[in-house]
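Form predicted on its own, single chain, as structure tokens, below.
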Amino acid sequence: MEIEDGDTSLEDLIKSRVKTIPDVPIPGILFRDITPLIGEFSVFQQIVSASVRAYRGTVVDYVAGIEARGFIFGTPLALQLNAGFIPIRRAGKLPRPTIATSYTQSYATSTIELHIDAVQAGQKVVVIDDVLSSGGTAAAAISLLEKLGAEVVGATFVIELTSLGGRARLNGYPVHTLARY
């Protein structure tokens, strides 16, 4: 469910709980701390339920969560969608053979990877993370999944930082967000 669908009450709830921390991780960045969203059961449950509704009627084989907060929201989403879970991690964190890609974030360059046998050609995957900012991480995750032959059927984020233009980098993929800043 996107906020355009009229669920402003969930957006307001999310915004009332997210804490904004200035100058983290570097000066000039406003860090959106989502930990209060997962610390309150009813809020966490509403976020997961809204994400599940976004994929009702869609075949989903896997939910791919981007380290680390994508794991928090991705695993309950995968369970509710009767799908498996794929961890997309920072370089060097997965124990078996991987594929990797480097990308530019709003303030740094990073590398992510996933196991080379994480998904089979044609399997349908939803990518999830807590925040859509510049879109670099999500675009890199989609690229890795598609190199393995997956079909990415959507990308889901709890919050979107609209001024950073991340949605444009995901052009061609359905993007679902619950709150926008």
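In this text, all values refer to a predicted model and were calculated from it rather than measured experimentally. Note that residue numbering begins at 1 and tracks the sequence as displayed.
Only in words, not in the display: the form predicted together with another copy of the chain, which the text now covers.
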Margin query: With a cut-off of 4.5 Å between heavy atoms, is Gly149 one of the residues that contacts another copy of the chain in the model of the complex?
Written below: no
Margin query: I'd like to know if Ala168 sits close to another copy of the chain in the model of the complex, meaning any non-hydrogen atom pair within 4.5 angstroms.
Written below: no
Check: Might Leu145 be said to contact another copy of the chain in the model of the complex, defining contact as any heavy atom within 4.5 Å?
Finding: no
Check: Even though another copy of the chain is not shown here, does Thr75 get within 4.5 Å of it in the model of the complex, heavy atoms only?
Finding: yes
Notebook entry, point to check: For the chain seen here without its partner, which of 169-177, 153-161, 21-29, 8-16 has a heavy atom within 4.5 Å of another copy of the chain in the model of the complex?
Noted result: 21-29
Checklist line | Residues within stretch 111-135 having a non-hydrogen atom within 4.5 Å of another copy of the chain in the model of the complex | finding: His115, Asp117
